[in-house]
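Each of the two blocks below gives one form of the same protein chain as structure tokens; they are labelled structure 1 and structure 2.
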Structure 1
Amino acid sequence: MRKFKVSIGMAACLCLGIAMAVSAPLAAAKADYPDKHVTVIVAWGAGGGTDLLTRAIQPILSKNLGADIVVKNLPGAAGTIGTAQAARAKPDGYTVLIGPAGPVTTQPHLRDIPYDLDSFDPVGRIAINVMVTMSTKESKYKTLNDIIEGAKANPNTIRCASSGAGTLPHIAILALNKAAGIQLKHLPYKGSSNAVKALLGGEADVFSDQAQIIPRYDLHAIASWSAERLPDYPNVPTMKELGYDFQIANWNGMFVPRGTPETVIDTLTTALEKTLADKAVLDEMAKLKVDISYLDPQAFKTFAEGDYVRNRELLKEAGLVK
């Protein structure tokens, strides 16, 4: 029995010894940032907009940064789970977040989340997608006026889809309610595909989302939430022209946890800016129909804070802030 116990112990030591000997050469050596792989957290599932964008810039960013980049998808709870994980990470520059507006500028107002916009230091804005309100070609709501008149005549009957409570399409509905003094019926769906399906199937009358989906589903654009008319849609009036000076756009930006050293942020910023000017990346983005729109850390911070405050006001007025 004792001999048996000794041989088990020896076997265990032998195994551990072999494992360590085999793995030792892979131990990292000490150097400057970055000296090992950088993890980019994407708080959404694979194949979604943010994920594709990240994967499109990954190879060139990796080259410009001088380190391997690993993309980690942490989906769940409208992007808050992955974003919380990124906020909690060590602020050493080896964990980076690429994400859209929702989790950092809208979700914190709706419920208790263990992070906020200021849990992050911005690195740079990557892309921006203006929201466009749309309906189907057969719908009776072809202009903003149709919607406003219809809503004034029958409050709470025009069905406006959104991709969930607190998402940007929902914010667009609230903004329209406030600006025109009307009551629209909000139908929250789980995700934008379901919302588009409802629009195409006739269950929803109107949906606001990024402009790329208009040609995809053959939709009719009613108005765009931007300051100037979109180059691809010169006939679509802007909300500003129609008298409502609101700009709503979904954007994707890069963040690091608050407290990351300045030098590290500078390295990342330089690499990001270089990547977004690279021709190969621009070609990929054209394929994905994404508009690159870089903003440096300071400008991005101001921009994001502007969104944060605006969303809070809208949600508060609608009685949705806890």
Structure 2
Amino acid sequence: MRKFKVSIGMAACLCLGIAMAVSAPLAAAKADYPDKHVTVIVAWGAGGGTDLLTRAIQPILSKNLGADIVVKNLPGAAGTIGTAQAARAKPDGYTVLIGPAGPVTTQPHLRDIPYDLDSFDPVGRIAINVMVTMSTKESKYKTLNDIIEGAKANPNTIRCASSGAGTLPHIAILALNKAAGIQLKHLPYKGSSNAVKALLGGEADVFSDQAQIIPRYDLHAIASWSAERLPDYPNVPTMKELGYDFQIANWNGMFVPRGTPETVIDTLTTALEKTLADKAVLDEMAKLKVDISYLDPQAFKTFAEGDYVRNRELLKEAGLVK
């Protein structure tokens, strides 16, 4: 039998060759992202504000990303169940979160949850939506004065739905209670779609949430929580006009788990930015009464961090945190 002597140099070359052979497919996999479907987690039920927005951009985002987009609704616990699952997903770009402010900038202040804002890397802000207080068209509560007078006459009887304890709709209820010296009955639901169902079914009297819900369910707009009247609702007064200087807005943005490669984030950012400039998406958003307000990853990071601090102060003022 012949014997072969392998020098240290030869061994090193062999090891290098093996390492290159192993790493080459990994590098190619990153370069080829995405090479399979991407799951977008929506931490709310189907038919809610965030779900409607996500499904409006889904087809064009899929085209621009070059991969199928699968929307996965994971509602519960004011959006924290789905958000927690997104936070612990593998940071490879195949699990993405599209969500509003509450789960990432409000809930971490209120409860012990396995994530925080810094558990995510921002991809981009999608839209910013002013809060609007609404009722059904058959409701006796057509104006803010109707609500306040009714609550003063019969405290804790006007039923106000929210998408969960500690969400922005809940904060809106607390703010109005404090400013007007009234007591509204809070009814927390698992997401805005369930809150709307309660409103339509007569379980709740009023609801405050994103404006796109109003045309979707043919609801009556009572007042907006914006600095000025909304162009789509010129006859709807602002809370400030009615004597309550509140401005509360919700936003939706795209996040990935912290540690996702920058190249993957860049790919997602490019696809998202292109999607939000697409005419079909712009038309669909106009139908939903959603104002696209894109921010790139760095600008969105700064914005979300500021919102995180502001919401903590709102919760402190409402007596929900120390």
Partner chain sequence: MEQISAAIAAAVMPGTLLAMLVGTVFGVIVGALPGLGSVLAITIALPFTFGMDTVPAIALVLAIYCSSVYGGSISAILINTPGTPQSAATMLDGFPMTKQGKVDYAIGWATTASVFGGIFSTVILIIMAPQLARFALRFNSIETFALISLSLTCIAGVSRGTILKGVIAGLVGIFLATVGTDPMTGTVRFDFGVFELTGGFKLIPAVVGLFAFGEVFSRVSKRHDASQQVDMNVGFRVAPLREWLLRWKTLVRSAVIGTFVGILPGTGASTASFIAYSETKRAGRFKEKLGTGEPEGLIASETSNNAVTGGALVPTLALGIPGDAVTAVMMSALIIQGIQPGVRLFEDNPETMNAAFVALIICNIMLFAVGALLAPLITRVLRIPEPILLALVMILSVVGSYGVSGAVFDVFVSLFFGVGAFLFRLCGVPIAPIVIGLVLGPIFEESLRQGLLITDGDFLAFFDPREHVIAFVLMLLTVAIIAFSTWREIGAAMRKKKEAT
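When a residue number appears, read it as a position in the sequence of structure 1, where counting begins at 1. Each form is matched to the other, and the largest set of C-alpha atoms that superpose within 1.5 Å is called the rigid core. These numbers come from a predicted model, not from an experiment.
Q | Structure, 1 versus 2, that is the form predicted in complex with its partner chain | A | Pick structure 1 here.
Q: State yes or no: after fitting on the rigid core, is the Cα displacement of E305 between the two structures at least 2 Å?
A: E305: C-alpha displaced by less than 2 Å between the two structures.
Q | Rigid core superposition, E203 Cα moves 2 angstroms or more between the two structures | A | After core superposition, the C-alpha of E203 moves 2 Å or more between the two structures.
Q) If you line up the core, does V130 shift 2 angstroms or more at its C-alpha between the two structures? A) Shift of 2 Å or more: yes.
Q. How many Å does the Cα of W225 travel between the two structures when the structures are matched on their rigid core?
A. For W225, the C-alpha ends up 5.6 Å from its position in the other form.
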